[in-house]
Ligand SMILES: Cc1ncc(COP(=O)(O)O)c(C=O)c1O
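A lone chain, given as structure tokens: the form predicted alone.
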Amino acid sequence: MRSHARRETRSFMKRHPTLQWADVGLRPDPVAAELLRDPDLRLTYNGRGAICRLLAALPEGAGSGVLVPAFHCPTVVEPILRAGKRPHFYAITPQLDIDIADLRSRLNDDIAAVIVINYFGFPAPLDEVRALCGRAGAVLVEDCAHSFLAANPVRPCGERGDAAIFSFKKLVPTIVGGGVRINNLKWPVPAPDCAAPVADTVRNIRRAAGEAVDNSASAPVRMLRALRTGLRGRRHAPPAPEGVVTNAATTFDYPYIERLARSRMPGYARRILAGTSLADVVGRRRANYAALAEVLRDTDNLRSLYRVLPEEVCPWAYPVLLENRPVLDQQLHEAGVPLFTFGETLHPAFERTGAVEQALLDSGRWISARILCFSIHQQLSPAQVREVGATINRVLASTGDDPVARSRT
């Protein structure tokens, strides 16, 4: 009976935060209010729209190339093409550091901008990159899509580049919403002037309301939830096409919808962001990250990328490199571990890089094939996260993967 209860608890752990009634509170959060009042912030429907808007505003003669990391999500690259620019790629080390020598070799007069990703909310060192961009006349874009917040004190991040990109739904259950903040540009980047389609707005509001109902503890709402669950149970999902393997832990669909990318952040998403206690988000994510780091053992197959959490970081996830990920991540998912991937699919423009760039291709593909993210979001508790860590250790031990206790060396 006790073992069954543990499995039941794990089965309800969600990979990402979902909306709660407290997130639409009447009192605005001071950090969110400061962010939303920023006159240099252009709120967009999503992060990909923010990238496209920024690059499309570059002046004529700025160059046609944009440098982007070899390890990336396709949603970083597609807006470059939609803005009429050409993506070029620079190497990333297995520790997710910038290969400065490779980046330097690719900067030329045709490079208009360099995008640097703060992977999982951990700031990339930018001093040398900023100096290189300054000498080359390229715009430095700090991609803060994984985390728009910094800690100690809690505040919006992204002040180190010429511009910063945000995606609010990674940390807060806004469902949609992104932005571009201008730090050091001498030309305007206009805010979007069109609203999202009504059908899209209605669909997302219904989704948000459903999440709030599912997360409510009140008796009347529990009855409504039971009714909704019963109705959903009558609907049968169509079977997957033959030969297609479905994995609830991964997503392969990265649509770029032009109308949405050109739209402003909807009012309901701004309301959720404004009503969320961002200090609580930061504090709970940091506590959960520390709890998982305390329990999780590095092994021959699993290596933590950032075991030590710097005091200024608000993490999106706990990232690891996992050998034999296609098999092990499925076993972990089936054991109830909340997890997801980033960069599992690289953009086709990167995959078309010529054979002469084999070392560059390898740098992106090596990480893409191994990266795995464990959830540490604010709606989990440290006790749940410790249980998740123990489950991960147990699953890996059952595969014959002996701990090597790298965390102690």
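All residue numbers refer to positions in the sequence shown, first residue = 1. Small disclaimer: the values here were computed from a predicted structure and weren't measured.
As for the form predicted together with the named molecule, it is not shown, yet the points below apply to it.
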- [ ] Look up in the predicted bound form whether H146 has a non-hydrogen atom within 4.5 angstroms of the named molecule, and give yes or no.
- [x] yes
Task: N183, heavy atom within 4.5 angstroms of the named molecule in the predicted bound form - done: no
Task: Partner proximity in the predicted bound form: R48 to the named molecule, non-hydrogen atom cutoff 4.5 Å - done: yes
Open item on the list: Test of understanding: in the predicted bound form, would Q330 fall inside 4.5 Å of the named molecule by heavy atoms?
Closed with: no
TODO: Kindly indicate whether C73, I117 and Y254 are, all three, within 4.5 angstroms of the named molecule in the predicted bound form, using heavy atoms.
DONE: yes
TODO: Work out which of T276, S167, T174, N288 lies within 4.5 Å of the named molecule in the predicted bound form, going by heavy atoms.
DONE: S167
Task: the named molecule in the predicted bound form: contacting segment from 360 to 368, 374 to 382, 39 to 47, 52 to 60, heavy atom within 4.5 Å - done: 39 to 47
Task: Those residues of 79 to 106 which, in the predicted bound form, come within 4.5 Å of the named molecule by heavy atom - done: none
